Structure formats: C-alpha cells, structure tokens
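Only one chain is shown below, in structure tokens, and it's the form predicted alone.
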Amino acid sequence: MTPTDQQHEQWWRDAVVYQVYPRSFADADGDGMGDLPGITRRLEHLRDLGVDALWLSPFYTSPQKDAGYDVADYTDVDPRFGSLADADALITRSHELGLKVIVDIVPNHSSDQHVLFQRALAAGPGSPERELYVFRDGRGEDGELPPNNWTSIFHGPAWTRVTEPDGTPGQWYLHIFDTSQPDWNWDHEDVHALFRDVLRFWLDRGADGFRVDVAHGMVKPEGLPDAETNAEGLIDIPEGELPPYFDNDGVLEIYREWRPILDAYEGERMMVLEAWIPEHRVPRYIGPAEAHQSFNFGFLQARWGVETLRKAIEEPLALADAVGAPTTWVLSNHDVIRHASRYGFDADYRFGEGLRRDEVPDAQQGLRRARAASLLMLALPGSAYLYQGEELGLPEVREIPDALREDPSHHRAGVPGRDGCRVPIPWEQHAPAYGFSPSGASWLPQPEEFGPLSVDAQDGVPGSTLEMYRAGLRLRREFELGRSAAPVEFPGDAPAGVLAVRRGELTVLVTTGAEDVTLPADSAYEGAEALLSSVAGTAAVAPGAPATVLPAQSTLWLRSA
C-alpha cells in the first residue's frame, strides 16, 4: 500500500463533511426551490472551502410534508429536485472534484403516499399488506382509543385511525413523527429486504455512504407498552431518558445486516447515524460490525464555558476510543437553531423549538462565539460535519410569516419549528434572491442581513467568516488534525476563563469570558507562533507573530516555539 493509499484509507475517519439541504442550497430552474442541477453548479464552492465530502438531505420522490423526510419512493428523485440523471451527474461531478457523496436514508417511516402504504390502506385489517407497517386495533369498546399512549415527536398522538375500505372507522397506524409518516414494521422481513435493495441501488450509482435518519427508532418494544405517566396522567420521560419507542436493541441488528453490504463495495463506503440517545449508549451502535460513526450531539448541545466545552470534548473521545471509532463533531444542522444565534443568548438560556420573533439574540456575541466554537471543532480529532451557510456566519431567521412555515411541528403545535435554519443561503449580494435563484423566487424569504453575508461579499475578504473557515480547514489538513496520533490534552496552566486544548505542537486557546486575557510573560505560551484567530484584525494575534493577548470570546491556534 502506497502512502497515498494509506492517506485515503477509511476516509471517513477524519473527513470534513458539508451538509447540503437541497431545497435551500441553489435553484437552477428558477422555481424558488433548490434542486440537484443547482447543487452541481455550486460544487466548486465546497472544493474551494476545503471539505472532503457532501451529505445530501433527502431528494427522493415525496409530497414534502416534512421537507422530503416523508419518502414516497426511495429509488427515484422528486421532480422538484430533478431526475435520476441529475443525481448521477451530481455524484460524477463531485467525484471529479475529489468530493465524496453521502446520501440520506430514512428507514423509520415512509410517506403515507408510498405505494406500499396505499396498498395497506386498501387491503384492510389482517392483510399481508398491513403487516409492513404498524397497524393495531384500538382500545375501548369500539376501538375508539389509540392502541397505547405514545405521543409524536411533532406533538399530539402518535396514532391515527383510518377509515376502512367499507367506510367504517378502523385500525390505527403508528407515526412517531407526522401523520403523513407511518412507521415501517421492522419485524417483517420484507421491510429488511426493501432497504437492502435501497442501499445497493444508491451504492451502485456511486454513493460513498449514508446518513441514517432516526437511527435509534426503527425497532419498537414487544407489545408496544404504554409510556410511564406522571400524577397528572401525562407522559413523563425523565431527563436523559427516552420514550419506549427509541433505542431498542433490535436496531443494532439492522446495522449488522447493512454493514456487510457496504463492506462489499470498493472505496470504503460508510454510514453515519443520527441517534439522539444518551452519550453512554452511542458506542453500542458503532464498531467493525455496526455503523462507522454516530453524530456527537453533546458537542452541539454544550453550553458556552470552559468546563462545559471540555466535558463535551473529553467524554465522547473516551467513549469512541473504547470501540476504536472516530468521534464526530457538529455544531449545526437542519434540525436545530443555527449556532450563530444560539450563542447569542446567555449560557443557561432554555430554547424551545425554533426562535420566536420576540427571542432576539445578541447577534455580535453569537457570531463571535460561533466563530470561536467552529475553530475549536476543526482542531479536534475525528470527523467534522458542517451545515450549509455556517461558513458564512448565517443566523437563524426569526421573521418568517406563519403562512409560509412548513415544519409539521408548527402546524401541529404552533411552535416556530425548524424553518428558521432552512432559509435559502445567499451567494451574490446584489443578485435576485441573493443568487439562490435566477428568478428571485425563494420558498422561504431571505432577510436583508443575508446580503452582506453572501459568498461573493466574503470571498477574499481577510477576516471574513468564509475566509476563516477556509484557513481553518487548510491548517486542519496541513497538521492532519483529524487523524493525528497526537492526543487531546488539557493543560492546567491556562488563565482563568480560558480552555486550553493541546494537540502535539498545536495549542488551541478558547477565551470564554467577556474580557480580553493577557498571557503571562512566563507562561508556556510565551513565544508561541499565532497561526489563526477567530477574531480578525487583532495585532496581538497576527498570524506568525507571538501571542500576547487573547481577545474576549475567541479561539486562537498557536504553534509551540
């Protein structure tokens, strides 16, 4: 094996992966909805940014009741996004640019418009067709009550009663998410076979891996028992625990079934899991016979502060090391408030589902901390996942008219939901829709503040968030920080309010307080060379110069003298 082969072996172990949310990345045909040809035309941005791979959120045939996570056909492209030929062209062009392609797979549920669910509705109770989904008779004298007390992640009951083919009220079907997303019955072999075929379909077309949606949710407990309730009769899930329909052992068997399929293909095909489970449970999901990676959401959820950030680094590293897997790092995605806005609130602020109009972050503080957290993340071993637009410092968008919001949680419970992090990103400051669409159409309105944050407004501008990301990714690659054998150490000589992380000759200092910090003249950092700061234009941390002062709420990369 040549050195080049060794460098690319198990590429996913240290890859920087860029999440593309297709409907909000780039619109080529002018209908206001992003599409696959639009993504293909903008791939050079990802290459120039310095990432290794892109992850595509769902682009499959779908009624779009949950932004494509309600899949009606797993092996075709929704006409809104293009065609299979467009998907092939995107994968081919990505590979030409040296980018791997990860596609989303949604195995917990389908759309209610999936042909198999429609057949199940038409076939009636007790039919083989209904066995592919979780249908049950209701409780009560006439079956008028749901089969159990489970509630949906999107609020309200997790069961919907159907009208049978003869017009009478009938059975209930389970939907852990929206009513339009019936759960598959993973006790049935035909469901296993369906998804084995789906994996092979996309692997044959050149996909380099899969991001598995709701990776902890497919297998339900035997008997579908009620969830625990409190004195008021409401479901009571203690903090740090999960509803009974999540994290059941049977899901591990699914990954043990899928892993040999991926391993049979050339090119180190991989899967990364979206599993919102307690951290100590994550190692069960990853390993040589299971999945390659699982997202580390503890880092995303960590509050701003020395101890909280250190814990969010130290604990997942130890858990991943125990099973020989790389850690993953992520700060934003399509399901959470963008970190440039989250960090604009006090560290103990309790967020709801999206930001309300009256929840106004400190934008300057939020971006400053977000830039600092991003440079900290890029210095850590393992792989890093970026969400489109974070390299521009995009904030959460609060001012979206309710009539335009599409998140099912908004429609079911009135919460703002996740649309605020899904607004189409800006490419050109003075173009229609900021370059997102040639027609100026945009499925969600873009705020005026997006203009100065556009790609062309930041390109080549020293100190811009875009150039900071490019520099951080370049140095990450140069120092091999993702895969380096240099351990993560936490020196005890850092000034108060400063998190120090050492990686061999590189030391990362994160100032969490509101005041600048002067480094003691006799400290271990005296004479160290400043490589990169999250705060631009500060003479005390000019690249190549010795560091003397750490700006408030910033990150500095230092190379030992």
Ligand code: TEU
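Quantities reported herein were computed from a predicted structural model and do not represent experimental measurements. Numbers for residues come from their place in the sequence shown, where the first is 1.
As for the form predicted in complex with the named molecule, it is not shown, yet the points below apply to it.
Just one listed stretch, out of 285-293, 328-336, 157-165, 481-489, contacts the named molecule in the model of the complex at the 4.5 Å heavy atom level, and that stretch is 328-336. For R368, no non-hydrogen atom is located within 4.5 Å of the named molecule in the model of the complex, even though that partner is not displayed.
Proximity of E274 to the named molecule in the model of the complex: non-hydrogen atoms within 4.5 Å are present. For R418, a non-hydrogen atom is located within 4.5 Å of the named molecule in the model of the complex, even though that partner is not displayed. The named molecule in the model of the complex comes within 4.5 Å of a heavy atom belonging to I153.
In the model of the complex, no residue of the candidate spot (Y18, K100 and W202) has a heavy atom lying within 4.5 Å of the named molecule.
Contact with the named molecule in the model of the complex, judged by any heavy atom within 4.5 Å, is made by just one of L262, V214, L309, L121: V214. None of D112, E390, E353, D78 but one reaches within 4.5 angstroms of the named molecule in the model of the complex through a heavy atom, and that residue is E353. Scanning 177-196 for heavy atoms within 4.5 Å of the named molecule in the model of the complex gives F177, Q181 in sequence order.
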